[in-house]
Every structure is written in C-alpha cells, then in structure tokens.
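A single chain comes next, written as structure tokens; it is the form predicted alone.
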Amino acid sequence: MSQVTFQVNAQVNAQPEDEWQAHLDAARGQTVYFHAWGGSAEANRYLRWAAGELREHYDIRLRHVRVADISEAVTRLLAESRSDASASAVDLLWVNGKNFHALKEADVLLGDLSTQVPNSHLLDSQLPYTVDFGIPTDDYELPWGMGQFYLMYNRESAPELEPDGYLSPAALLDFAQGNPGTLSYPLPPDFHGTTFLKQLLIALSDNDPRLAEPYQVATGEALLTQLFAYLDQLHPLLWRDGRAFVGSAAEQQRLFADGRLLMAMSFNPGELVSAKARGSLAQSSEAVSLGPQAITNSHYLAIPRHASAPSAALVTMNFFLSPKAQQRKADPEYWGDPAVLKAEHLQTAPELRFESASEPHVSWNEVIEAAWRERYE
C-alpha cells in the first residue's frame, strides 16, 4: 500500500480547508487528556506509540488518563456539568454503551463530529456504528474499533462444542460440573462480567427480540428468570464456589494462563492471536462463541463540549481514524483491535470470528446488574 499521509483533504468532508488548518494551528503545543480504560497492556502500548506520533507530527501531548472503568470519567463530566464548569478536565474519551447514553442524555458532548473530523469520510458505512446499545449516536461519537465477545479455552481440556462450532449454555454447565472450581467470570458491573451475562441471556433465549427494545417489567421478567435459573445452577460449580469472582478479564486471563482456570474471556477479536504470539497464552488456546451468535459492537471516541483543548482533541481523533493509526491498531502484533475504515484504505486486518448479535438495548444493562447484585451479593 502506498505511503499514507496523516492529513486528508478536509473539503471531502464538507469542512473548509482553512477551518481545519485553524484547528491544526491551534492544536500545536496543547495537551489532550484522553480518559480511556487502562486494563489492556496492548491498548496501553498502542497509545504510547500514538502519543509519540502526535508529538512528532502535530506537537500535541497525549496524556492517557487510565481508568478502571470509563464511568469514572463520565461521573466527572456529569459533576462538571452540574457545577457549570467552563472547561473540562477531560478532552477526549473512549466510550460506548450505557456511558455514552448517560453523556448524551446530559448534553455534555460535542456534536456534528463527522463534519469536523476529516478522516470520518474513510469510515466503513456498512458497519452498524450509528446505533450504540440501541441508542442513535447522532454524531456525538465516532467509531474507533470493533469488539466481539468470546470465550477462551485450551484444546487439552476442551468443552464439548456444537456441530456448528459454538459452545451452548448447556455444554458450559456440563463442563463446569465436570471441572468444579475452574470457571469464573468478572464481577459485575465490570464490563466483561456484564457482557457475559448478556451473552448468556441471548444464548438462552435464542436472541429474543425483546432484548432489542427498552426493558419492560411485564415482558422482561420472564427472560431474567431464565437467566438466573441458569446462574443458580452454575454458581456453586465456579471458582471459590461462586462466592467470589475475578475482578477483571485481565485477572481471569492470568489465572487461565496459569492453569488455575480453564476459561477466560475477551472482547478484542485479535487478543488471543496477540497473546499466543507473545507466549502469554499457550498455543493450544482457542476461541469460541457462547451461543451461535456473539455480541458485537463498536467502541467510540467522543469529545466533551467544554474540553479544554478542543482543537487538539479533534486533531487527535482525526489521527486515530487515519489509515496508518487504524492499520497499526488492527495488527495483532500491536493490539489486534479491528479497524473501522473502508477496506481500500487498509492492508490486512483481523476479521470478526463469529456470527454477530447486536447488544441488547442499553436499559438491560442496569436491570441485569441490579438484579444480579440483589440476588448474589
């Protein structure tokens, strides 16, 4: 592929060239405080590379503010909005799902991003990025990558899979019964833990269409009853008898690598390939979908309306959507997070492994987490 430049013709995306140049000029010397999940070594390493590129080519200092959960940044932004702060401590954030919904509801995000970020015209319009957990994005966030939920297991102690190659909830329960104390999942509301519960619900209910709609007690309780009847059978068979749970997907993967757990989970389609290449997971490790369809979504970048360095945040977002940055991010050697650009702007990139299922409507997150805490804590 020919050498990719960092800047594109801004006029392609309906922004006058002089306006984009004004952002480039204003961004020089600014610092962008990028609030993003810090629990992935691959993502952290990628952001260190991006910081070097932004410093060299744009004189922008990228500061990765590592958070255990992006809800920490959301709480801060909502507090700032209530105090009428004139400038936010957050310039850019990695967000999706219920956290985006909360920020959109509070009207604290910069809008019309596609007209302000030139590289947005490179996005693959075939990807379902205009809806986030059932909520229209309305140009308040732009996709940065793709995620798909899956489980990891070792061929040497493998569960029984369906003929189509997926793991059914019934087979997972059988595997837990045959290997007590060797399975777990992250404690909700950890993102991966809640996603595991939603994935189970999709698989148990054959992706009931009610999951795509806002939760209604009259129709939703039956689905929750199905989920918790299954968990009541599973929990006594889990690690520490289901009385304690791992704190994160990263901790679960470490225990899996050590052989103390027989399964782990991920939302990064390239993570298993990367881990095997680094030697942190055995070459016999495999990926499998829990149910015939795997929850698949986009994750996004957003800018607060009152960001302290708005021009630098826009230039940084534009860089993250450049072919060079997207290609490096998609390479399993560096991160393995799938690109969101049209194929003609990329070299090879990891593909999604499994048939996709949409995220349930955002309202299901809170309902599932609250019901889980009431039942098991």
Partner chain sequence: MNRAGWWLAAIPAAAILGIPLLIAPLYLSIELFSLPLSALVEFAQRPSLLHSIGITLLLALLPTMAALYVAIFFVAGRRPPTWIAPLLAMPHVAFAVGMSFILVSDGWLSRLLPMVNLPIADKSLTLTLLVLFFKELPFLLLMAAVVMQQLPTRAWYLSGASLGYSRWQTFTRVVLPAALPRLRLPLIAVAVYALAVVDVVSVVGPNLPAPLALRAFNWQQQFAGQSQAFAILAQWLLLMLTLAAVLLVIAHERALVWWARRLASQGPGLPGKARKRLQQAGQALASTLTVTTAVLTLFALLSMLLWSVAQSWPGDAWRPQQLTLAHWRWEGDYVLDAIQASLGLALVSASVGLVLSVLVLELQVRVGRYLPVWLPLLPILLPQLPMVIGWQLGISYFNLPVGWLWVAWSHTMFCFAYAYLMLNRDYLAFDSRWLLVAASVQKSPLQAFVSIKLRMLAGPLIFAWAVAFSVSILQYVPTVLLGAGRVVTITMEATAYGSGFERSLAALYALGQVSLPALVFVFAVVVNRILKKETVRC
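Predicted, not measured: the structure shown is a model, and the values here were computed from it. Numbering follows the first chain given and starts at 1.
Below, we turn to the form predicted together with its partner chain, even though it does not appear here.
Here the marked residues Thr130, Asp331 and Ser356 all miss its partner chain in the predicted bound form; none has a heavy atom within 4.5 angstroms. With the partner removed from view, the residue among Leu211, Leu204, Leu110, Leu187 that has a non-hydrogen atom within 4.5 Å of its partner chain in the predicted bound form turns out to be Leu187. Note on contacts: among Lys104, Arg76, Lys198, His192, the single residue with a heavy atom within 4.5 Å of its partner chain in the predicted bound form is Arg76. The partner is not drawn, yet in the predicted bound form one stretch among 59 to 67, 336 to 344, 319 to 327, 22 to 30 has residues with heavy atoms inside 4.5 Å of its partner chain: 59 to 67. Though the partner is left out of this view, Glu156 does not reach within 4.5 Å of its partner chain in the predicted bound form, counting heavy atoms only.
At the 4.5 Å threshold, heavy atoms of Ser248 reach its partner chain in the predicted bound form. Residue contact with its partner chain in the predicted bound form: Asn297 places no heavy atom within 4.5 Å of it. At the 4.5 Å threshold, heavy atoms of Gly134 stay clear of its partner chain in the predicted bound form, well away from it.
Scanning 25 to 64 for heavy atoms within 4.5 Å of its partner chain in the predicted bound form gives Tyr33, His35, Ala41, Asn44, Arg45, Arg48, Arg63 in sequence order.
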